[in-house]
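Just one chain is shown here, as structure tokens, and it is the form predicted alone.
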Amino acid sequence: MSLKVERVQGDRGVESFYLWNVVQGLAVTVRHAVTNLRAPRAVQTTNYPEEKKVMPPGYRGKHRLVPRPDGSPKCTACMMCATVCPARCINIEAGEHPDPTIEKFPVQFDIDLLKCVFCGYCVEACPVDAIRMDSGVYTFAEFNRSDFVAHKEQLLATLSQWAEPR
């Protein structure tokens, strides 16, 4: 462990050792440990496999596509989410919709969850609010890499953890 010493230019010209920051961090850790030892029943514990934690409203979990009333995706295949994605994990193939009132729809919509950084830019960029990250699914376990690619059907079947707004 090396101790970094730097000269702070300013009014006082004080040398700062990061030792004080380390001591403050350790004090917080010790304070929490002592508090938990005094009242072990007050420690909030979730028995994970049996109990699922409800995530707060702003949490970005697994993606989902919002369906139309007829079950088709609300997505218009504008490619905005794929364009803005920094990880380039969204793959969309557009096609002509049989309904003349709808211009395009995604024939293929895939998200590689191993590449995704869960930044939420795709949700912000979508002009029709067709993609959301409010599923509450925050654990992924698969045996093959190919199983981590979420396809259109899976994304449509994923439900929100919150009641849909009316």
Partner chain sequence: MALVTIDGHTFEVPDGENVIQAAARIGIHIPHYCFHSGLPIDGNCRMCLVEVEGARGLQVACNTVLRKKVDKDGNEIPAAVVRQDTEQVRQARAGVMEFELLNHPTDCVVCDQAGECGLQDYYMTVGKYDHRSKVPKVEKRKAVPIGPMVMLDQERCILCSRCVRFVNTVTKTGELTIAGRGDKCRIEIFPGVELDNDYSGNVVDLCPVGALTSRDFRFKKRVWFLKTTPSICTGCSKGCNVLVDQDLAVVHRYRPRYNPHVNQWWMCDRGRLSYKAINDGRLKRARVAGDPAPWQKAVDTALALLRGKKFGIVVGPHASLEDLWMARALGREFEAPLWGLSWLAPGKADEWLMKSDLAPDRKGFELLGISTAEAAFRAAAPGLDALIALDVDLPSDLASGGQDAAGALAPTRGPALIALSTHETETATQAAVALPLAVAAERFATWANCDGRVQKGVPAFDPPGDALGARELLGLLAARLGKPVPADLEEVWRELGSELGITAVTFADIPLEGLPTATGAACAVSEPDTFGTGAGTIGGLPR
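Positions refer to the first chain, counted from 1. All of these numbers come straight from a predicted model, not from anything done at the bench.
The following text describes the form predicted in complex with its partner chain, which does not appear among the structures shown.
- Taking the partner from elsewhere, Lys104 is found to have a heavy atom lying within 4.5 Å of its partner chain in the predicted complex.
- When contacts are judged by a 4.5 Å heavy atom cut-off, Pro127 counts as touching its partner chain in the predicted complex.
- Although the partner is absent here, Thr76 sits close enough that one of its heavy atoms falls within 4.5 Å of its partner chain in the predicted complex.
- Taking the partner from the other structure, its partner chain in the predicted complex has no heavy atom within 4.5 Å of any heavy atom of Cys89.
- Contact with its partner chain in the predicted complex, defined as any heavy atom within 4.5 Å, is confined among 94-102, 53-61, 136-144, 116-124 to 94-102.
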